[in-house]
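The form predicted on its own is given below as one chain in structure tokens.
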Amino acid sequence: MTSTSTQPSSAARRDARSVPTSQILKSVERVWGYRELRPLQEQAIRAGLEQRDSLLVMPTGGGKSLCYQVPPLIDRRTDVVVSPLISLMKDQVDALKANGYPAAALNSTMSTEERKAVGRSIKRGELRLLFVAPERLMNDGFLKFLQDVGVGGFAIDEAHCISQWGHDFRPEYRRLAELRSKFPEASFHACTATATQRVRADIIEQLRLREPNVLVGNFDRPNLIYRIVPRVDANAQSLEVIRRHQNEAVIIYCISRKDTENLAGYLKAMKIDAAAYHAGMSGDDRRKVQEAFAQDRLQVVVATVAFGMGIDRSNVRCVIHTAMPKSIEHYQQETGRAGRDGLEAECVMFYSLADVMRWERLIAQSAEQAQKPGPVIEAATELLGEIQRFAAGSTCRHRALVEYFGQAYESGDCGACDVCLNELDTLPDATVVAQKIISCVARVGERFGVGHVVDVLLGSKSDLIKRCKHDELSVHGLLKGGDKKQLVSLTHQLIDQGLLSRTTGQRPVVTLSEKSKPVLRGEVPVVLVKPAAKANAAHGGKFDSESWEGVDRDLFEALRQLRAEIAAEREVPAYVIFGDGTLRDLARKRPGSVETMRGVWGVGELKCKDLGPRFVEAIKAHCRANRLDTDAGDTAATGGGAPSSGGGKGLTAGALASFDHFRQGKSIERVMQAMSRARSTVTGYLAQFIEVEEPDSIDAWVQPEVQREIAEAMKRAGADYLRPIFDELQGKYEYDTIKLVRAFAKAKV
């Protein structure tokens, strides 16, 4: 039997180095509908084209996949992607096929005939990417097959799994180093979202990468808003957050299987569409939950950390941790499952010192089972200490995460975390409460745990308290009427701050520390935090306003419904059809034909031809029902760029009709009513009117003092983009208002 090698020649590799950027962008636009590359993507793609080893560290949602998908497409070769989960492979292959990209996976769920068909496609050189798990890849027979057909490169996804210093070490990944000797001409590309400097060095060593191009992206995820609040009642607190995300996808992480089942049951009782997911469930039950969530038929999944790596859903709008994860790497990866589409998302952690004690016990048990207590405990305890300091700290969350991964954070106030949004709600009489708690610890002889200390303060008459005669102490009932869960949280905060100490072991005891007596003497003020009464921003902070700018929300919801229908028909996840970012752009630009739909972000050539007619018809139906113009173009999104010369050339009929109203000085509200248009549309018309007609004043629409304040901000931040002006004003004014003042400033130039 003969076979055709897909391994490119040395000459082909040399030619690949001269591939112009325009050719790369043309391929990306044709297949994926993206008209520009994100930071580091071109460098990573060129490493693949040059067949130079590389290590790419890019946060979730940063576009890692594109970096190993483009080179074999341009080079017309076959590359292998090592992926740890079957479900993740399936989602990636489905998404690639929907874009017309030739890809396939080989896994244990496939029939013999299906696997043979994939093998034939590889031999014919038809596939550009083949996804496999490390166990299958390292099978001797399969390696021989790949050597016969030829492989251009290997992309190792989730590469941190190869490092013992990583947060998700997997022994089977260690064998991947053997590939180097079997495929000496192939290039190797390690990809991960979370890796410190030590983990990066270990990946390079373990994979035997040869002079790799090390590309480390910005670890900051500005579209995520981080909140860490004291855990008082995880069930009630989770419900409050979920209700901020009505009809949106939410993942909730718990430590144990029992926790997931209890919380899922509570949420169902509260009429929330939720389901549990953990390793103790049958494979079929887990698959059903995962598929329902991926296909947008399930709103909330309550899961252990086993859930998520196999989910490629891009529009998760919230991730909740009901307890502290065991490392910052875990936290970064798990919160990274929110907002993968680049749109706003919220990440909330309910923290308690009890989490630290719980993880310490689990780490000790795991080390005992692994029969490697020393190294395992040392590495895990070090990571646990880092996440504890992060959770208990009060510095900007974005800054803390970025600096942990060794990068400088230069953005100042992030405007997207509880600290920078001034949401940390402090207890007004914290020092007095702290003195009472510390006094109680001393009075019970420093021989009891947090629960007993709290019971004494609340005035409990339990058998233990009576037996110890603690009901006779002066501190008994000192905080009677207080909330027990909150008091436990406050006591844990005192331990976190070193104002109290605790012993280790199965039954930790609370004791005094060197800092306890100065607090009792009133020499040291104490700050304690309680759960905020209400978050200041719904969930997206400043980013939320910008990402929705110019979007017709009613149309967006209609397109979501259409997407769900098509996804159900084709039995694929909804995001495989279109991501939320694409739907928002469709609802912003309202294309009235398949041709103009090609100008929408994320709409590639095949999808435009395949899905365009149905989406365009839905858009036209919405516009007819609401008396809106189609083909709003970029002007609806930006509030009117510089119009073409020629007395309104390039303006829509709706925009021109609005000018008569504005010439009469009518308010935005009156024009909305007269034209039956949304506020965002009318504001866009007004911005165009201002630039075209150049009125002497815009006082009819923006108060003079507001104009002056925005104009000053524009001088400091520049007038090219709205976001810097919005940030300079600290979100004081809406984008629509800033847009009008900017248009007026441009008209006067």
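Counting begins at 1, following the sequence as shown. Model, not experiment: these values are computed from the prediction.
What follows is about the form predicted together with a small molecule, which we do not show.
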Subject >> Residue stretch of 697-705, 52-60, 710-718, 683-691 approaching the small molecule in the predicted complex, non-hydrogen atom distance within 4.5 Å >> reply: 52-60
**OP:** Would you mind picking the one in V31, L37, A47, L722 that has a heavy atom within 4.5 Å of the small molecule in the predicted complex?
**Re:** L37
Original post:
Only one of R340, R590, R563, R77 has a non-hydrogen atom within 4.5 angstroms of the small molecule in the predicted complex; which is it?
Top reply: R340
Original post:
Taking heavy atoms and a 4.5 Å cut-off, does W601 contact the small molecule in the predicted complex?
Top reply: yes
Subject >> Residue contact check: S65 to the small molecule in the predicted complex, 4.5 Å heavy atom >> reply: yes
